[in-house]
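Heads up, the chain below is alone and in the form predicted on its own; it's given as structure tokens.
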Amino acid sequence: MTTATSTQLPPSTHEFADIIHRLEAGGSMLPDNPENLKQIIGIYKAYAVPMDFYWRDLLYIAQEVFLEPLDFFKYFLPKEYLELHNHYAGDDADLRIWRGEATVHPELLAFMEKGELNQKIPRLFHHLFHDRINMEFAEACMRSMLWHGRDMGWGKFDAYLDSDEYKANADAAIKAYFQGNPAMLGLYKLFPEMFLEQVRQLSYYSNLGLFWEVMAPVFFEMSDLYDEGNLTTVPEAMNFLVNGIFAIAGRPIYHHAHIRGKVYEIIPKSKGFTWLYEAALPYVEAVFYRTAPFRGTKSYNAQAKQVPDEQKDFHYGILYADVFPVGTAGIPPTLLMQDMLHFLPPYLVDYYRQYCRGEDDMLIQLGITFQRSMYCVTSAVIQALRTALLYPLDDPNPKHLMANRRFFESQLDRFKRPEARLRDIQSQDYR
């Protein structure tokens, strides 16, 4: 493919020059071939179904469970939230991204009723057998956003959590929630910062729930388009994501608590916080790139020096993960892999049967597929940022094209670390 860049600029001398040239031609970090396309679309579908639970439960916890001290049933979604209409699906959508229904996905509902046991027994027993959607993964993502929020520099959401206005809004909600409970009000008076920090965390529950409410219908629609033969290349998949990012960039990010029939606007919509800058970009930075060392994989002892001194140097997200040791019990990505396993489309199951070392290897294989798919999503974010901040790929001005190149090179500098999987995903043998 001949582009303005290839004819007006000398070849890049970057370590990942071939990938930079691919980005300059409108491509993705992930190579374009039918096998990669099949993998990423199939895993988007498998991810979207549990995500349809994640976003609903995150909002339920932020809005309804709130500061319940013994929240044993926070993962038990009430009918109201199962039937809550997604704002980007269904006939009454604000912007209809997915042509499907606005209520909970039927595959998710079927799994919630019978689980892996394939038996219709009370939800409590499914829960106790851990035969359920693993919300612990969603909470790990939320805590990563909360913990890294002060250090990322995107948007103004996190800074607002320290403002006097936020503290006053949170204070009103806390007092209303514990109205008539002198013991909890007394504890709040003694330890106000402890309660306030819990509300800050709940604000991130809302933030991530509102983010994933968009992503679930995006992935469902991509799956449907692929099944219909209308999504045929990796760049087409990436561009669908880019267009979705811009279409929904201004979606409000807020946090409302529902207490005794009254809505408390802890973060009002009127603050003007938006989906792109306050949710999407922080999510990619905190979850794709940074996260934190998972328990049992690294020593947090400062003298061992296995964890970086600076948060900005954290590199434990899916873009860097070695899926084999990560894929062990109790580690958040493994919980996600287990969730996705229930909803794999048949063509992806067949693909894994062809390449897996038996059924037990399927979790690892879909984890690697998920890694490939998130490199495609990250490529979409990089291309969207380039579109927003710099110049078109076919800009006739060589100086503008060089500015684009410098931007791409700076983005790919983050994958020079030996842990990065950018090199691996260039080969189909990475399985």
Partner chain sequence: MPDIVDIAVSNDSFKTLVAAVQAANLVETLKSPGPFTVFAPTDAAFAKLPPGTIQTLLQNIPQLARILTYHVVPGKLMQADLGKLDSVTSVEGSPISLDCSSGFEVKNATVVAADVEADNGVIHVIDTVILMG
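Not measured: the values here are computed from a predicted model. Positions refer to the first chain, counted from 1.
Beyond the structure shown, there is the form predicted in complex with its partner chain, which is absent from this document and is the topic of what follows.
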Residue (of Lys156, His342, Arg123, Lys167) lying close to its partner chain in the predicted complex, criterion heavy atoms within 4.5 Å
Lys156
Looking at Tyr81, Tyr277, Phe73, Phe294, which has any heavy atom no more than 4.5 Å from its partner chain in the predicted complex?
Tyr277
For its partner chain in the predicted complex, the stretch among 91-99, 205-213, 227-235, 257-265 with residues bearing a heavy atom within 4.5 Å is 91-99
Taking heavy atoms and a 4.5 Å cut-off, does His148 contact its partner chain in the predicted complex?
no
At 4.5 Å between heavy atoms, is Ala247 in contact with its partner chain in the predicted complex?
yes
Quick one: is His400 in contact with its partner chain in the predicted complex, heavy atoms, 4.5 Å cut-off?
yes
Please check if Arg251 has a heavy atom lying within 4.5 Å of any heavy atom of its partner chain in the predicted complex.
yes
Let me know which residues along 261-278 have a heavy atom within 4.5 Å of its partner chain in the predicted complex, or say none if there are none.
Lys269, Ser270, Gly272, Phe273, Thr274, Tyr277, Glu278
